[in-house]
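Before any questions on binding or motion, here is one chain by itself as structure tokens, the form predicted alone.
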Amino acid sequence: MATQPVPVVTAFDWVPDFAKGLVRDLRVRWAYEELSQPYAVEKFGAATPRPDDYVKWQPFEQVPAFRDGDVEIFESGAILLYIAEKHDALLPKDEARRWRAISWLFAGLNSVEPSCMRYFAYTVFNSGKQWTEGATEAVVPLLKQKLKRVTDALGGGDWLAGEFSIADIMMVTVLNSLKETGFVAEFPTLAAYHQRATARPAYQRALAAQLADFDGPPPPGRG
């Protein structure tokens, strides 16, 4: 009997230190670690142009892209949903809770992450530029409002949909982008949620695997 190939997720072989633990393939790795399922990694240089066949696979030339047999997917939210559907796991069985989890999966991507990424872009990629001070001040109130809404959704529960799900994988990895700020700590419920999730053995294995794969050379001028 032929051996079924394992799913493949793409990743970078080098990123600057501030980006370690933030690259979105971590979400896919974490899901597979929670399921104790194998996966393979195909690595690319972060500063190296992607080959044409990769652009057909991931039209925005980012990571992760994902392949499982004949199925090719890009966008981490879609990949997480595929994995949950295929393995009938990481989503609640109850219909109402299931759709709550899916709603929060998309909310992580569409409602919370954009504000986090704007703040990150202003304070990291554009740090020291004349225009960033005002832009940063403008985004902070909206960012804190988003964090409050997630906190409110958690209430007194451990997870966004009552049980650990792909919604939590998404939201916690979004919150990771704020690791050098004090924003999450301003919301004790949210900070406890983040700590609870990142203490999971599956998260720790996924993070260790991602960090171990950053074994490529830095681009010229970054050594």
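Rigid core (definition): largest C-alpha set, two forms, superposition within 1.5 Å. Each residue number is its position in the shown sequence, starting from 1. Values in this document were obtained by computation on a predicted structure and should not be read as measured data.
One more form of this protein exists, namely the form predicted in complex with another copy of the chain; it is left out here, but the text below deals with it.
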Tell me which of 175-183, 31-39, 191-199, 54-62 has residues with heavy atoms within 4.5 angstroms of another copy of the chain in the predicted complex? 54-62
So in the predicted complex, does residue 107 come within 4.5 Å of another copy of the chain, heavy atom to heavy atom? yes
So in the predicted complex, is another copy of the chain close enough to residue 144 to count as touching (4.5 Å, heavy atoms)? no
In the predicted complex, residue 95 touching another copy of the chain (heavy atom, 4.5 Å): yes
Heavy atom to heavy atom, is residue 87 within 4.5 Å of another copy of the chain in the predicted complex? no
Using a 4.5 Å heavy atom cut-off, are 73, 102 and 135 all in contact with another copy of the chain in the predicted complex? yes
If we check another copy of the chain in the predicted complex, which of the residues in 121-151 reach within 4.5 angstroms of it by a non-hydrogen atom? 121, 122, 126, 131, 134, 135, 138, 146, 149, 150
Could you tell me whether the Cα atom of residue 70 shifts by at least 2 Å between this form and the one not shown after core superposition? no
Inspect the rigid-core superposition and answer whether the C-alpha of residue 194 shifts by 2 angstroms or more between this form and the one not shown. no
With both forms fitted on the core, give yes or no for whether the Cα of residue 180 moves by 2 angstroms or more between this form and the one not shown. no
